[in-house]
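Heads up, the chain below is alone and in the form predicted on its own; it's given as C-alpha cells.
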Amino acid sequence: MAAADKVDPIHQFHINNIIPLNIGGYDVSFTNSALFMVVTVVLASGFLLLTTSGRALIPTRLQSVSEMSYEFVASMLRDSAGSHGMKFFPLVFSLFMFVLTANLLGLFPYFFTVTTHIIVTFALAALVICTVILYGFYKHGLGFLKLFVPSGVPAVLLPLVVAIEVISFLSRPISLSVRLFANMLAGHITLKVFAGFVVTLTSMGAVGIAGAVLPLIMTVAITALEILVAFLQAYVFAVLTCMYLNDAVHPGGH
C-alpha cells in the first residue's frame, strides 16, 4: 500500500482525521486539512510579526519582504477601490497572505495543500461576496442594487441586462473559488504523475534510470512553475477581491 501511495496522484488530497471528534452527531474531527490551515495562519502571522517587530530605519531583507507585501496589496486595493476601499485592507491582506502561504506550504513533500479543496476556496470566496453584499446594503441601502443596472442601457434591454448582471454576480464565488482550486489541484496532480514516473523508472535498473531523466527534468520544471502559480493564484484571488469590494464601495461606478 505504501508503494502504491507513492505513485497515486490523488492520495495527497485525502483528508485524514488526527483527533476524532463527534458533537451532536456531526463529525467535527481535527483533520490534516485543519492542521495545515492552523500552520498556515501561524506561519504567516509569525513571519509578519517577527520581521516587523524591530521596525529598523534601514530594513533587513525579511523586513523588506514584509513591507513590500504590505505595499503591494495596499496599492492593489487603492487602485481598484480607491481610498475609501482601504478600510478593507486587513481583509484583503489576510486573504492574500493565507492563500500565498498555503500554496507555498503545499509544495513541500508530504505536506497538505488546503487550497486544493473546493470547500476551503469556496469558504474564502463566500467570505468576500458576503462582505460585499453586507457592506453594500449597509452603506448604500437599496442604492446598492444600482450595481445590477448599468447606466446608458436602453429600457427595452434593461430586464435582460439586469438578469445577466445578477447571474454574473451570483457566479462570482463559484468562479473565484474554482479558479484557485482547479489550478492548484491540476498542478499538484501533474507534479505527482511525473514524480511517480521517476520513481517507477528508477526501480527498473540502468535502462529505467536513463529513461527517468526526462521525467525528472519535467518534475523540476513543473516544480518551478508551481512556485510561480502559487504566487500568481494568490495575486489573482486578491485582485479579484479588490474589484468585487469596489462594487460595494461604488455600486454605481461602472
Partner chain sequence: MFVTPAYAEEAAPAAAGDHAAQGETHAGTEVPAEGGHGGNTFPPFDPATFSSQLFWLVITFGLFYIFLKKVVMPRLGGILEVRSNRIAQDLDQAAKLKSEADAAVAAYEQELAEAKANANTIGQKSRDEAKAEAETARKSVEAGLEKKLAEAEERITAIKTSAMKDVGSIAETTASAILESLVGKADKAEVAAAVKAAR
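Residue numbers count along the first chain shown, from 1. Throughout, rigid core stands for the largest set of C-alpha atoms superposing within 1.5 Å between the two forms. These figures come from a predicted structure and were not determined experimentally.
This next part talks about the form predicted in complex with its partner chain, which is not shown.
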Answer yes if any heavy atom of His117 is within 4.5 Å of a heavy atom of its partner chain in the predicted complex; otherwise answer no.
yes
Is the gap between Phe13 and its partner chain in the predicted complex 4.5 Å or less for some heavy atom pair?
yes
Is there a non-hydrogen atom of Arg61 within 4.5 angstroms of a non-hydrogen atom of its partner chain in the predicted complex?
no
Does its partner chain come within 4.5 Å of any heavy atom of Thr219 in the predicted complex?
no
Since the partner isn't included here, can you check whether its partner chain sits close to all of Ser94, Cys130 and Tyr138 in the predicted complex (heavy atom within 4.5 Å for each)?
yes
Residues in which of 103-111, 118-126, 166-174, 146-154 have heavy atoms within 4.5 Å of its partner chain in the predicted complex?
118-126
Only hit among Ala210, Val38, Val199, Met204 for heavy atom within 4.5 Å of its partner chain in the predicted complex is Val38
Val193, Leu214, Ile227, Val28: which sits within 4.5 Å of its partner chain in the predicted complex by any heavy atom?
Val28
Going by heavy atoms, what in 60-82 lies within 4.5 angstroms of its partner chain in the predicted complex?
Gln63, Ser66, Glu67, Tyr70, Glu71
Core-aligned, is the CA shift for Ile23 between this form and the one not shown 2 angstroms or more?
yes
